[in-house]
Ligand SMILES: Cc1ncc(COP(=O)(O)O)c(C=O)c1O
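Shown below, as structure tokens, is a lone chain in the form predicted alone; questions about how it binds or moves come after it.
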Amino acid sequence: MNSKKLQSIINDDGAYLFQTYTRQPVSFARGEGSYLYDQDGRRYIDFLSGIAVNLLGYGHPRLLKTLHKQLDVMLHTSNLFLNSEQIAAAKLLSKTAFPGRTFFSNSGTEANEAAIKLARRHGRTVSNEKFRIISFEGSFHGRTFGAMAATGNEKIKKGFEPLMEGFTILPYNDIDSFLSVADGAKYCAVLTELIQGEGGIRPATREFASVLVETCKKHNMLLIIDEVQTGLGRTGKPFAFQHYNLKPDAITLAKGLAAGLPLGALHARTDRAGLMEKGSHASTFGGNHLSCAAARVVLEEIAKPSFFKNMSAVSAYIFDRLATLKKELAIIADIRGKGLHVGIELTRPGAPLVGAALARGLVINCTSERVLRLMPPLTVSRKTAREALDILEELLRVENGTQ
């Protein structure tokens, strides 16, 4: 039974907000480290991180110090003026990802919209017919019209037709299908995730990724990697493309880039960035001083060797323990992912387990109907990970009928 405080919040949510979300019956009031506390003071282990956003957890001392300092100075001016915080963050992106230039937006979908415009502009330098973009089934690139049209998930498109034209969506990891379509006369770019997040934590094979690179180079197509969910250390390296030794023309970022503040980015190699001249794209709030100050902290933190040392140890513990569980429990069909981007594919829908976990004080979610998604803060300790997996294991054993 809901507390009076929670019921009041639920009632007001229904009365005053668009009902576009299926919300869990909890309202978080504060966070500390890898833990959240609800409206009644109950503690939860956060293994979702605001959907891969709060990668430094809650109350990170250096992040808070930087934000308080920036709050006292300036939040926003305008992109009509120079912005030192933007420049500092962009410099770090060039150092961490690859040399290039950055356009800052407010979200991942906006970053992908900018990437689509960059791709179209590239195609126009060759021919008016070279404007189509290839993306893949199971992908998620956003909910605005361009990003939605590029997304390989029909559910989010239903009711919003006609969609923006110019996208061909192919089976993921299917080399033959890709090669049968790729045509430099028609296509200006490939837009893809290397580990599909909303698609169920599905990694690209090395062979598939290699073919994408070779084909884009052969046909003068841009290779744009959507790192919105996988970027900023989530997979155990600063960016997922680094696991594949790729050299993309551009990447898109958001989620954890500003550790909880709204910030997205399109980062492209210098010659590609030059395709977008003055006035070709803009954002009123994108790259504001506060969000970029947060991004600088994030990028500096993930550049520290100790950051990935801890994360790698926790990741290994989680994957080892889940691999053992998979051998014992028939309900687990597969374990996928890298770093702290973990998918547990079940043999049945996972939504009931999400609710059961929440009731036990563990925050997770389910994507692609049957894949439990674990994305704790990248600063999570092994002790907290053990506590979370103890809860999850018990729930899986009950669901499996072995406890």
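The first residue of the sequence shown is number 1, and the count goes up from there. It should be emphasised that the depicted structure is a prediction, and the values quoted were computed from it without experimental measurement.
There is another form of the same protein, the form predicted in complex with the named molecule; it is not shown, and what comes next is about it.
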Students should find that, of S135, T235, N112, N288, the residue having a non-hydrogen atom no more than 4.5 angstroms from the named molecule in the predicted bound form is N112
Among G108, P248, G256, G123, just one has a heavy atom within 4.5 Å of the named molecule in the predicted bound form, namely G108
Look up in the predicted bound form whether E301 has a non-hydrogen atom within 4.5 angstroms of the named molecule, and give yes or no. no
- Query: V228: heavy atom within 4.5 Å of the named molecule in the predicted bound form?
  - Reply: yes
* To do: Decide whether E85 counts as a contact residue for the named molecule in the predicted bound form under a heavy atom distance cut-off of 4.5 Å.
  => no
At 4.5 Å between heavy atoms, is F241 in contact with the named molecule in the predicted bound form?
no
Counting only non-hydrogen atoms, the one stretch of 191 to 199, 265 to 273, 214 to 222, 125 to 133 within 4.5 angstroms of the named molecule in the predicted bound form is 191 to 199
Taking the named molecule in the predicted bound form and a 4.5 Å non-hydrogen atom cutoff, the residues of 113 to 142 making contact are F140, H141, G142
